[in-house]
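Below you'll find only one chain, the form predicted alone, shown as C-alpha cells.
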C-alpha cells in the first residue's frame, strides 16, 4: 500500500493548524529571527517504523527550507536509540513541527509494531492478518498504511468496497436466509459476498446461500475448527472478534484464511520517541589553521 503526499496534505495542514493555533508564541518571543538548527529523532524502544514520509511532508508544508534525511525506510525494524531522522534548517520551524511530527510517527509506528507482532505469531500457517474499519476518524488512510508496513493486509477500506453482511443487517432483514436471498438484487454480477455468522449452523446456511467468504465471529478456536471443517474449500474463512496475542496462533491453526483484528488500530500503544533540537554554530574560518601547519 502506497500513499502519495498529495493524499495527506489537507490532513497534515489540519493537524498543524490544530497545534499552532494563533502561532507559537513561545518560539516567536524567544527567536524573532532565523536560527540555524539541527534536529534528530530517536526511538526509546525497538519498533517497526511507519510514518517517515509523513514527517517529511509535514515539514515541507511548514518550511521548504528544512531538509529532512530519513535514515530508515518505513517498515524497517529499528532498535532502541537508533537514529531515525535528521533535520537541518530554521530552528523555529523545528520547534513548531516537533509535536505534530512525533504524534504521527509514534502513533503509526505503534500500529506497525503491533501488527508485526501478530503477523509473526501466525508464521507457518496460511492465515493472513487483516485490519478493520475500527480506525481513528480522519486517520484511516494512514493507520491502514501502518498496518501494511507492519506486514498486515487491508480489509475493505469503506462501505462501498465490498459486501459484508453483519448481524444488524440480518436482524433488520428478518433472518439470515432472507438476507442472503435479497442481497443479490441490485448487485453487479460476480460481486463477492461475505457473511458474518456466530456458529456452524449459520455458517452452513451462509454457504448454501452462496457466500464467498464466511466470517466466524467471536468463536473459540475449537468452534472455529469445527466450522472450518464443515466449510472446507467451498468458501474462504475469516475469523474475528476477541482476537489477541494469546489466542491468535490457535485461531490460525484452526484453518482460517484471514484473521481480522480491530485492536491493530484502535488499541495499539504509541511508540515512545523524542526529537532533540540544537543550534548549529557557523564556522569561524578566520581562525582556521592554514594547510600544512602544525600549530
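Bear in mind the structure is a predicted one, so any value in this text is a computation, not a measurement. Numbering follows the first chain given and starts at 1.
One more form of this protein should be noted, the form predicted together with a further copy of the same chain, which is absent from this view; the next part is about it.
Handout entry: Heavy atom within 4.5 Å of a further copy of the same chain in the predicted complex - residue from 198, 72, 173, 223
Key = None of the others qualify; the residue that does is 173.
Problem - Listed residue (230, 250, 30, 245) with a non-hydrogen atom within 4.5 angstroms of a further copy of the same chain in the predicted complex - result: Here the answer is residue option 30.
Handout entry: 148, 269 and 278 each touching a further copy of the same chain in the predicted complex (heavy atom, 4.5 Å)
Key = Each of the three qualifies.
Exercise for the section: Give a yes or no for residue 26: in the predicted complex, does one of its heavy atoms lie within 4.5 Å of a heavy atom belonging to a further copy of the same chain? Expected result: Yes, residue 26 sits close enough to a further copy of the same chain in the predicted complex that at least one of its heavy atoms falls within 4.5 Å.
Practice task
Indicate whether a further copy of the same chain has at least one heavy atom within 4.5 Å of a heavy atom of residue 236 in the predicted complex.
Solution key: Residue-level check for residue 236: yes, a contact with a further copy of the same chain.
Problem - Heavy atom of residue 77 within 4.5 Å of a further copy of the same chain in the predicted complex - result: Taking the distances in the predicted complex, the answer for residue 77 is no, it never comes within 4.5 Å of a further copy of the same chain.
Handout entry: Proximity of residue 258 to a further copy of the same chain in the predicted complex, heavy atoms at 4.5 Å
Key = Residue 258: yes, in contact with a further copy of the same chain in the predicted complex.
Practice task
Pick the stretch from 116-124, 78-86, 101-109, 200-208 whose residues have a heavy atom within 4.5 Å of a further copy of the same chain in the predicted complex.
Solution key: Only one stretch passes the 4.5 Å heavy-atom test: 101-109.
Problem - in the predicted complex: members of 155-171 within 4.5 Å of a further copy of the same chain, any heavy atom - result: Contacts from 155-171: 156, 157, 158, 159, 160, 161, 162, 163, 164, 165, 168, 169, 171.
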